[in-house]
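A single chain comes next, written as structure tokens; it is the form predicted alone.
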């Protein structure tokens, strides 16, 4: 397992280098710049700002300077937030995005796994059909549609939760539901499919032939194997919840990293775009590694194939 961890971490270095290189040149190829506004600045002010931040230098010089700062753990100053560095903005906003993603992840597991197990046990019955219909609807409904619907239905209609902010549990309710419900649909379908595959195997028939109760068969013999697909999905799911929450953060005005990423894209904030992209890439690598380790723990036969 230690060999697997070391190898994956070493593989992450060239991946992050390629991400930084591609992102750097792509954002510089895009039209406009960090100081191009609707009301244009005077040529003298624009020239002074570009000279101060080194934007007048050739791209290769800027690229080398950025890599040098990156090796020292410095992501540079933010062009859209004067007086703040990218490190400071990430340190302030990343905990918010992580908290939102973790709450939504826990909610999706609490809702999706029990419903998926029960739907597999009640295959082809009314409960299974209802769960399949609801999960399909959840898969087809994107967060930018579900979020406003929950705002209208719960916050405006019933007075449950707040439509913006991140101070109390009422502020967290609607964003967590928006993210969690969509991913709960994935968890439900994966749990149902995994449980059906395990429940049709010979050792489950043997356990039932011995007279074991249905709950014992489900939770003691079938659940561990049935959740392998959910565990495999947990890494990409959690990384998607943390890194893909920028739509929800924008809808509900949450001061998270995703909202900074959206604003940086509009403002051509080069350093903030680079910093958030690299951080998202690192988070995805770490989450996928954690999912692989969990799979190897649940199924020892996978350890050999991973190595």
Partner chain sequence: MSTLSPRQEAWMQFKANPCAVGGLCFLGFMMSACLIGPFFLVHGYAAQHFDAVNQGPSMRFWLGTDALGRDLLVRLLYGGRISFAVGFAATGVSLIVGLFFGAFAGYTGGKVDTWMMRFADFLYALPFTILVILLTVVFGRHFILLFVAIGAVEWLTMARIVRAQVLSIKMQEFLQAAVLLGLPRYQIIWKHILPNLWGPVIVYGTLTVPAVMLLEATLSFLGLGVQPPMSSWGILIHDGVTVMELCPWALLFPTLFFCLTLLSLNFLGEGLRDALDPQSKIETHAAT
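Numbering follows the first chain given and starts at 1. Note that the structure is predicted; figures quoted are calculated from it, not measured.
Here the subject shifts to the form predicted together with the partner chain, a form of this protein not shown in this document.
Of the listed positions (262, 51, 67, 61), a single one reaches within 4.5 angstroms of the partner chain by any non-hydrogen atom in the model of the complex, namely 262. This chain appears without its partner; in the model of the complex, the one residue of 75, 151, 96, 218 with a heavy atom within 4.5 Å of the partner chain is 151. Of the stretches 202-210, 115-123, 82-90, 151-159, only 151-159 has residues with a heavy atom within 4.5 Å of the partner chain in the model of the complex.
Against the partner chain in the model of the complex, the set 140, 268 and 281 is in full contact: each member has a heavy atom within 4.5 Å. Taking non-hydrogen atoms only, residue 168 never approaches the partner chain to within 4.5 angstroms in the model of the complex. Contact annotation: residue 19 falls within 4.5 Å of the partner chain in the model of the complex, judged by heavy atom distances. In the model of the complex, the partner chain sits beyond 4.5 Å of every heavy atom of residue 192.
In the model of the complex, the partner chain sits within 4.5 Å of a heavy atom belonging to residue 145. Contacts between 16-30 and the partner chain, taken as any heavy atom within 4.5 Å in the model of the complex, involve 18, 19, 23, 26, 27, 29, 30.
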